[in-house]
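Quick heads-up: it's one chain on its own, the form predicted on its own, in structure tokens.
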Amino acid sequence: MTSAKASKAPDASRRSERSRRAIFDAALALVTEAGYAKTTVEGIAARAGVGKQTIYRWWPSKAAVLLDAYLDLAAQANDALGGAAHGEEGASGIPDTGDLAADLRYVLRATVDELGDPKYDGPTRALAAEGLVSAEFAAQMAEKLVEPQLTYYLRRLEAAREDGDIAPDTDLRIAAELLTAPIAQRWQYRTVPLTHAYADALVTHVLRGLAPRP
């Protein structure tokens, strides 16, 4: 008689999830330690303890691995915050306390902190670099990462426009880009340190320009 232990089939889905997690961790660690140019699929596979063919079965390139690893990292951070970063406290995706300036300062300060964290800085720079040389990858990154993040701003600004906190003719996309692009530029070119004070000043200047006219 075959024992229950012997007859139990291996859980392939659990094994695949362990491999996927190991690959994500390896990709993020390598790109942080060695940089994107020196990170290879072979290196990711070796560090994750999987075969190179396993990675290529799921992803076409190291850039695709890194993008999914980064999205997973962001999801884990959001889960640790109880979903607040993705708007489970409200439909907008950015906290809506009724004070637009305070809400925007909150999310931009969090962005500054994230970009200053080596855990995010290296992978983010790697994704940005690949997007500059590959239009196809840039489109994927825009669809999976950039546009969803921008949508959070659009929803909060739309609510603010409906409440009369910003001018009724405000172009919401331009307004969202005014809030996010300057931080991205300072981070990308390392012109000056990114600080909470800068995030606060940015909100002040942008909202001054978006204020309803008499």
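Since this is a predicted model, take the numbers as computed values, not measurements. Note that residue numbering begins at 1 and tracks the sequence as displayed.
One more form of this protein, predicted in complex with another copy of the chain, exists but is not displayed; see below.
With a 4.5 Å cutoff on heavy atoms, residue 125 counts as touching another copy of the chain in the predicted complex. Put simply, residue 185 is close to another copy of the chain in the predicted complex: some heavy atom of it is within 4.5 Å. A residue is said to contact a partner when one of its heavy atoms sits within 4.5 Å of a partner heavy atom; residue 129 meets this definition for another copy of the chain in the predicted complex. Contact annotation: residue 68 falls outside 4.5 Å of another copy of the chain in the predicted complex, judged by heavy atom distances. Taken together, the three residues 63, 76 and 155 lack any non-hydrogen atom within 4.5 angstroms of another copy of the chain in the predicted complex. This chain is displayed without another copy of the chain, yet in the predicted complex the stretch 167 to 175 from 53 to 61, 167 to 175, 39 to 47, 22 to 30 comes within 4.5 Å of it by heavy atoms.
Residues from 190 to 206 that approach another copy of the chain in the predicted complex with a non-hydrogen atom closer than or equal to 4.5 Å are 190, 191, 192, 198, 201, 202, 205, 206, in the order they occur in the chain. Distance between the C-alpha atoms of residue 36 and residue 193: longer in the predicted complex than here (change of 3 Å or more).
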